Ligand SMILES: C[S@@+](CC[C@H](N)C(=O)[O-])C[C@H]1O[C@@H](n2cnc3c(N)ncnc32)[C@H](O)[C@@H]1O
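A single chain, nothing else alongside it, follows as structure tokens in the form predicted on its own.
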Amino acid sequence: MAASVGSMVSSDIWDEAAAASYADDSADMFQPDVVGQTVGFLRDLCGDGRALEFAIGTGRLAIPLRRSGVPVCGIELSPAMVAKLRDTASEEDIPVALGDMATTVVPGDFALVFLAFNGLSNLRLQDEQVSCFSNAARHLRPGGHFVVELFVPPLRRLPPGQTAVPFAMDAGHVGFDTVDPVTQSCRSHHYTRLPDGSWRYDVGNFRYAWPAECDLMAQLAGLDLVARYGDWDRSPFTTESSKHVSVWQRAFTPG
């Protein structure tokens, strides 16, 4: 797919090893009920239009969405992740532009742009996240929707003086986030037990954004909030929600 690509962003780039282990490391997100519910939500918003996925990765959502009848394109920063996607879907079936989601432009317009599984937080500077919203709006046709799935920062779980919050603890995986409320930066630390009994350590670098901050980014891009849920099942978003699925719309052109 022809694309216009801007300067490189601050996101970590996934290598071949990370791409190869992605499905296993994120097994919960690959469960059929999770994928099916998410794809159904996205398909309903697409109608008869096309979808563009930012940070398409290995195609966890794009491949089943395409199989449901929705034409899908993608933007992805990691060549290794795209190579993994190509094990299942061809370039003709799901075109992917290699580049960052803040500046890369692909041809045409779309009924839906979506960014799932905390992808926005991969952009580690606020300016980059603002540009991501603008890039989404740039690709949307009038009336089209931008959908973001993003975690809610776990600051309520941080007692005074503590900087780490655990999110996983079992025999095969221990994970915790270290958070800096001043810079809104977050590092996710993962210790994964391997088949030989040893442990693999991985760390990811992120920038968290509050729902209200996302709404302001959307407003700057000319997008209006139309819905916010606690999950893809359209459950209510509450003070106890650990994430949100938010839907913004590009205004219809007058006349």
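This one's a predicted model, so the numbers in the text were calculated from it and none came from an experiment. Residue numbers here begin at 1 and follow the sequence given.
Only in words, not in the display: the form predicted in complex with the named molecule, which the text now covers.
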>> When the named molecule is placed as it is in the predicted complex, are 11, 57 and 99 each within 4.5 Å of it, taking any non-hydrogen atom of the residue?
In response: yes
> Among 214 to 222, 195 to 203, 47 to 55, 182 to 190, which stretch sits within 4.5 Å of the named molecule in the predicted complex, heavy atoms only?
Replying inline: 47 to 55
>> So the named molecule isn't shown here. In the predicted complex, which residue out of 42, 209, 61, 70 has a non-hydrogen atom within 4.5 Å of it?
In response: 61
> Pick from 106, 150, 81, 140: which has a non-hydrogen atom within 4.5 Å of the named molecule in the predicted complex?
Replying inline: 81
> So in the predicted complex, does any heavy atom of residue 89 sit within 4.5 Å of the named molecule?
Replying inline: no
> Going by a heavy atom distance of 4.5 Å, is residue 123 a contact of the named molecule in the predicted complex?
Replying inline: yes
>> residue 94 versus the named molecule, in the predicted complex: is there a non-hydrogen atom within 4.5 Å?
In response: no
>> Taking the named molecule as it sits in the predicted complex, is residue 117 near enough to touch it, meaning that at least one heavy atom pair lies within 4.5 angstroms?
In response: yes
>> Residue by residue through 163 to 181, which ones have a non-hydrogen atom no more than 4.5 angstroms from the named molecule in the predicted complex?
In response: none
